[in-house]
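Below are two forms of the same protein chain, given as C-alpha cells: structure 1, then structure 2.
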Structure 1
C-alpha cells in the first residue's frame, strides 16, 4: 500500500493517541481539514493494507494502580502448548499470552503470560491460578516482575 501525504498526516496525528473526546475521529478529522468519514475510510484502508496493525487502548498499568506486574514464564510440553496457551490467555487477568522458543540449557520456558496486580498478593494469587490450570503439564515456572516502564509507545513517524 502506498501512503500519501494525508495518510502520513493521519498517522502523525494519531501516533501519540486519539483525542480524549466523545467523538475522537471527528476531532481528528476537523484538525486535519477532513471529514470523519474520510478519516475512517483511510484508517480502514491502512488497517486492511497492513500499514497499521491495530487500533486499541494501551493502558498504563502503573497509573491504574497495578504496581505488581509480572511476566510469568512456564515450561510446558510443546505438544500441549496451543491448548494450554489458549486456556491461559482466556483468563480475565492475563493481558497477553504467547509462545516463545526455548533457549536451552539456560532458558527452558516456552509459554509467557503477563499478569497485573494492585498488590503482590493479588499477583501471586494469579500466578497460583495459572499453575493450577497448567497442573502436571507444567514442569517449572518463574515470574519476572516489572521494576519500571522502559517503553510505552510504538514506532513514530517524524
Structure 2
C-alpha cells in the first residue's frame, strides 16, 4: 500500500500509542491539523490495506502469566517444510510459525514455532505434541526459552 505524507504523520503520531481520551481520533486530528473524519478514513484504509494489523492492546506475556515462552526450532526436509509448517501452524497453542534460513554449521534449523505456557510442564507438553506431529520428518530440534524481554516497542519510523 502506498502511503503519503499525511499517512506518515499519522503513523508517527501513533506509533508509541493512541491517546487515552474519549475521542482519540479527534485528539489525534487536532494535533495534526486534520479533521477527525480524515484521520478515521485514513486509519480505516491502512487497516484494510494491511498496514495496520489492528488497533489494540499489546500485553506483556509474562505479566499475563505466560512465563514459559519457547521458540521451538526444527530441522525438517526443505521439500516437506510447507506441508509440515501448515500442520504445526494449525495447532491451537502455536502463536507464530515461520520458515527461516539455516546457517550451517551453527544453526541447522529451518522451521520455527512459538509456544507459550503458564508452567514449564505446559510448554514442554506443547513441544512434545509438535515433536509427535513431525515424527520422523524432523531430524533434530531445540527449544529456546526467553529469559528476559530486553526491548519491546513495536515499529518506529526514524
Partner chain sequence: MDELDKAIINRLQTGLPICPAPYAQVAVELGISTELLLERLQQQLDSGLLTRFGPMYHAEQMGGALSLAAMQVPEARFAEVTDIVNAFVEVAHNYAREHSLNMWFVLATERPEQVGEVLAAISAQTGLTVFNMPKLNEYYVGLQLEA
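Keep in mind that this is a model prediction, so the values were computed, not measured. Numbering follows the first chain given and starts at 1. For clarity, a rigid core is taken as the largest C-alpha set superposing within 1.5 Å between two forms.
Colleague: Of these two forms of the chain, identify the one that is the form predicted on its own.
Modeller: Only structure 1 matches the form predicted on its own.
Colleague: Could you check, with the core superposed, whether the Cα atom of residue 142 shifts 2 Å or more between structures 1 and 2?
Modeller: It does not reach a 2 Å shift.
Colleague: If we fit on the core, is the Cα of residue 59 displaced 2 Å or more between structures 1 and 2?
Modeller: Moves: yes, 2 Å or greater.
Colleague: After the core is overlaid between structures 1 and 2, has the C-alpha of residue 50 moved by 2 angstroms or more?
Modeller: Yes.
Colleague: To one decimal place, what C-alpha displacement in Å is found for residue 17 between structures 1 and 2 with the rigid core superposed?
Modeller: Residue 17 is displaced by 4.2 Å at its C-alpha.
Colleague: So if we fit the rigid core, how much does the CA of residue 27 shift between structures 1 and 2, in Å?
Modeller: Rounded to one decimal, the shift is 8.3 Å.
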